[in-house]
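Single chain ahead, written as structure tokens, the form predicted alone.
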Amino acid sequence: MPPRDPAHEPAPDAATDPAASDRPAKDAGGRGSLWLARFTRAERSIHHVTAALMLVCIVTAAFLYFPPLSTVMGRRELLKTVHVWCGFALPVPIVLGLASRAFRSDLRRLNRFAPHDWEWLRRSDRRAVRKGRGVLPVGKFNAGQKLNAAFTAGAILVMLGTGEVLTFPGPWPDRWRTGATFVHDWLFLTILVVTAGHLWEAFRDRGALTGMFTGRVDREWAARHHAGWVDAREAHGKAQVRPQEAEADGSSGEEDPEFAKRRPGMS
């Protein structure tokens, strides 16, 4: 009998091979891969709805602000109506998201700046990897993500306030309306640049996109980019899960009551 080639062996069937269901899930490349739950369905929904509203505000603002685009599109009153309604709706998913314990835990993580975050900002080799792990013990969010979240939250509040002055100018004196117009216009340009940078970083990192769209990430990716978060999860017994488990339990580790007791910087 000729020797059997393992490459042509049939895949084990979980229905007939009980051990198959206990083996790690495999990624698209066929390599054995373990997964970590990262974002719950509620967290992803909050992110996606907020991102959609923000993009609509940016696009409509671009057509209202830049004369060449405004001339091409026309329908200025319709664009203004869509821009105003989406702008006032921006805080809604965030406020509703406060009902989610996982989202509240992520807000606390984003609000904590640890020594390794400052080092992450200073070092040029902040993304270097040694023996499969990032050189810095980055938690669930790195310093760039924390700064982006802080800027976005502040920008939403400022744009909401100045937008209210511009939409309902009646009670406000001229100098208030002039100041609101100046701040609203220049902050729009800043948001445009920051959002473009955020999208650029997201689309060049497939692991980060996978985490945001599916709720789970490859453990190897997590160890390279968020080594401190992986260590904290495994130290508290929230180790690897299979994809179906990550989706089913909706857990990302934030429900752990021990998180609230940790000092800032530990994720």
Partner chain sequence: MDEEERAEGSPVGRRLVLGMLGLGVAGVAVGASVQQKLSSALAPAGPIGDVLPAAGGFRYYTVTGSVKKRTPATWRMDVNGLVNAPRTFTMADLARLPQTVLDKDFQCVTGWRVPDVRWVGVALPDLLQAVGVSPAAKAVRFSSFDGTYTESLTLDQARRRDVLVATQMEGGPVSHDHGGPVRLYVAPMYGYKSLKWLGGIELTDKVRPGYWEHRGYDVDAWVGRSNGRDDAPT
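Numbering follows the first chain given and starts at 1. Here the structure is a predicted model, which means the values were calculated and not measured.
Same protein, other form: the form predicted together with its partner chain, not shown, and the subject of what follows.
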With the distance limit set at 4.5 angstroms and only heavy atoms considered, check whether 142, 145 and 234 all reach its partner chain in the model of the complex. no
Only one of 210-218, 62-70, 42-50, 196-204 sits within 4.5 Å of its partner chain in the model of the complex by heavy atom distance, namely 62-70
Would residue 135 sit within 4.5 Å of its partner chain in the model of the complex, counting heavy atoms only? no
_I'd like to know if residue 100 sits close to its partner chain in the model of the complex, meaning any non-hydrogen atom pair within 4.5 angstroms._
no
Q) Any chance residue 185 has a heavy atom within 4.5 Å of its partner chain in the model of the complex? A) yes
- Task: Tell me, yes or no, whether residue 109 is in contact with its partner chain in the model of the complex, where a contact means a heavy atom of each within 4.5 Å.
- Result: yes
Contacts from 149-165 to its partner chain in the model of the complex (any heavy atom within 4.5 Å), listed N to C, are 150, 151, 153, 154, 155, 157, 158, 162
